[in-house]
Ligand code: PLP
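Given as structure tokens, the chain that follows is alone and in the form predicted on its own.
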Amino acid sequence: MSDNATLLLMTPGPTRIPERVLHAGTRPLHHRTPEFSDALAETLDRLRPLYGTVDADILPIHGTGRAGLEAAVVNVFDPGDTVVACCNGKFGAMWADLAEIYGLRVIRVCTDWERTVDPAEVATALEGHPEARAVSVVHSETSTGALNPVSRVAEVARARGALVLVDAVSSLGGTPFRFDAWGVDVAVTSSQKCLMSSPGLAFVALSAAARAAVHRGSLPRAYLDLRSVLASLAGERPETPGTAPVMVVLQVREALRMIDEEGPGVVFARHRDMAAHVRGWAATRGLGLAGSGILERSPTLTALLLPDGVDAAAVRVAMRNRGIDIATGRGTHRTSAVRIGHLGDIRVADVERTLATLDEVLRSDDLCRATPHGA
């Protein structure tokens, strides 16, 4: 078994952290100092081009991407509100589950994991439920590799006066996102995927309409209360309500500097090239992609169907034994697919190494000996 410290992380996240970013997070810094306020302000400012926004509030959340998704629910809505939730994968369904836990009425649409979200189905749901306050959708659905048509979903939602909530956790920083142009109201991302940093920090972007909803909302909230975050950022110098994950903020700032140096357009092209490389390789090997009805696929990860009779957990063990960590499938493809993340700091050379190793694994007799234990 390869030493975990030397594993090449090719999962959909957390992803590899560049040495430069790791080093940036080693500096001891108190969260109530001008130096940290400057770092926080720079981080939020550098996120704006990746979000594609000029005017939105971008709020740091002390938690993972899931905390950001929960913050969106508890701040924007009132008990009993209706939400139309696009659920064509694990994370769309998870967001719907969060809404139900807080007493919202959730209308689940596009529940087939094999397909891209269909804006027409969203429109039909809104016509049948004119009281719906919002539509939620995942941009890059990590469980299947679908890239959902956020702009078209947003157009449908806006036409009926509904807010647009987007999970951009595995897309922002790896593919263009246009918060303002698409008319998005809430968009959530986190530190550990395309932003190339440690887990523990989420970001929630709010439109003016969403900010007004935050101030009106009546669901119980404390740690995730965005009103206190807004107030802290608007002070004499920007701060967070409580102790921030200072080291992660410093990491994200450095990662954003690296993205700016490479150029966001170049970063997006690199992600597209890596995705095309994986999918081209799969086609030459006769391997299919999960989601036969997916119309557009994410540039940040690919879910590959394995040959009949090959177990995904055994493949993962064999890959780890060779120094590379990939993920198994989700849902109905849990045992029949593997997911390869090509996002953040990952480069074409890493993809080539991963595919060569996967080719070796699929041709070897290791799968007969490998077991899913510990996968």
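Every value quoted in this text rests on a predicted model; they were computed, and no experiment measured them. Quick note: we count residues from 1 along the sequence shown, nothing fancier.
One more form of this protein should be noted, the form predicted together with this ligand, which is absent from this view; the next part is about it.
**Q** I'd like to know if Gly65 sits close to this ligand in the predicted complex, meaning any non-hydrogen atom pair within 4.5 angstroms.
**A** Flag for Gly65 set to yes.
**Q** Does any part of Thr82 reach within 4.5 Å of this ligand in the predicted complex? Heavy atoms only, please.
**A** Thr82: no contact with this ligand in the predicted complex.
**Q** Trp113: heavy atom within 4.5 Å of this ligand in the predicted complex?
**A** So Trp113 does not count as contacting this ligand.
**Q** Is Val169 near this ligand? Define near as a heavy atom within 4.5 Å, in the predicted complex.
**A** Because a heavy atom of Val169 falls inside 4.5 Å of this ligand in the predicted complex, the answer is yes.
**Q** Would this ligand in the predicted complex be within 4.5 angstroms of a non-hydrogen atom of every residue among Phe91, Val138 and Gln192?
**A** Looking in the predicted complex, the three residues Phe91, Val138 and Gln192 all sit within 4.5 Å of this ligand (heavy atoms).
**Q** Considering this ligand in the predicted complex, find the one stretch among 25-33, 57-65, 317-325, 344-352 with heavy atoms no farther than 4.5 Å from it.
**A** It is the stretch 57-65.
**Q** Could you check which residue among Asn148, Thr142, Asn75, Gln251 gets a heavy atom within 4.5 Å of this ligand in the predicted complex?
**A** The residue in contact is Thr142.
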